[in-house]
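Only one chain is shown below, in structure tokens, and it's the form predicted on its own.
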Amino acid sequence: MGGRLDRIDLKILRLLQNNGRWTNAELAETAGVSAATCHRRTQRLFDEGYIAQVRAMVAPRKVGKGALVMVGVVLDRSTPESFAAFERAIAQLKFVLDCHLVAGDFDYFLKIRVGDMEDFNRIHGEQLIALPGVRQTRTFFVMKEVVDNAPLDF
């Protein structure tokens, strides 16, 4: 099939996106195909990169990371070298969940999980503002997570 998805592939993707714990037999039955066909198709979806990984969604509060913080970052220069240095450094920070290069008032937006405001204040002062090329940060504490990590609509 090489890059083309049919309705069965799409159904398998939707099912797995909503519940990554399906057994192959359950997935096959729900998708309306044999277990062998389901296994082959699922493996191909992994092999071709449609499914990047399967992992558990851990409840942040249960592990002491209940505060969600968004940080806008402005670099001092807009050069490929500055971007590359920042990206290499930010990729090493385990508390950064997401980092996106954006257009607009900021160069990057970061999504960070911490225990509380004091935890973030320490991280900000010791690590974020010390990242290569950072001229300015702007912090947004999330008051309520209305939609978080929703399944893709396709």
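The first residue of the shown sequence is 1; numbering continues from there. The structure displayed is predicted, hence computed values, not measured ones.
Quick note: we don't show the form predicted in complex with the DNA, though the next part is all about it.
Asks: Check Thr30 for me: does it contact the DNA in the predicted bound form (non-hydrogen atoms, 4.5 angstroms)?
Replies: Answer no; every heavy atom of Thr30 is more than 4.5 Å from the DNA in the predicted bound form.
Asks: Check whether Met117 has any heavy atom within 4.5 Å of a heavy atom of the DNA in the predicted bound form, and answer yes or no.
Replies: Answer no; every heavy atom of Met117 is more than 4.5 Å from the DNA in the predicted bound form.
Asks: Do Ala36 and the DNA come within 4.5 Å of each other in the predicted bound form, heavy atoms counted?
Replies: Although the DNA is absent here, Ala36 would touch it in the predicted bound form, with heavy atoms inside 4.5 Å.
Asks: Is it the case that Arg40, even though its partner is missing from this view, gets within 4.5 Å of the DNA in the predicted bound form, heavy atoms only?
Replies: Although the DNA is absent here, Arg40 would touch it in the predicted bound form, with heavy atoms inside 4.5 Å.
Asks: Just one of 97-105, 41-49, 122-130, 62-70 has heavy atoms within 4.5 Å of the DNA in the predicted bound form; which?
Replies: Single hit among the candidates: 41-49.
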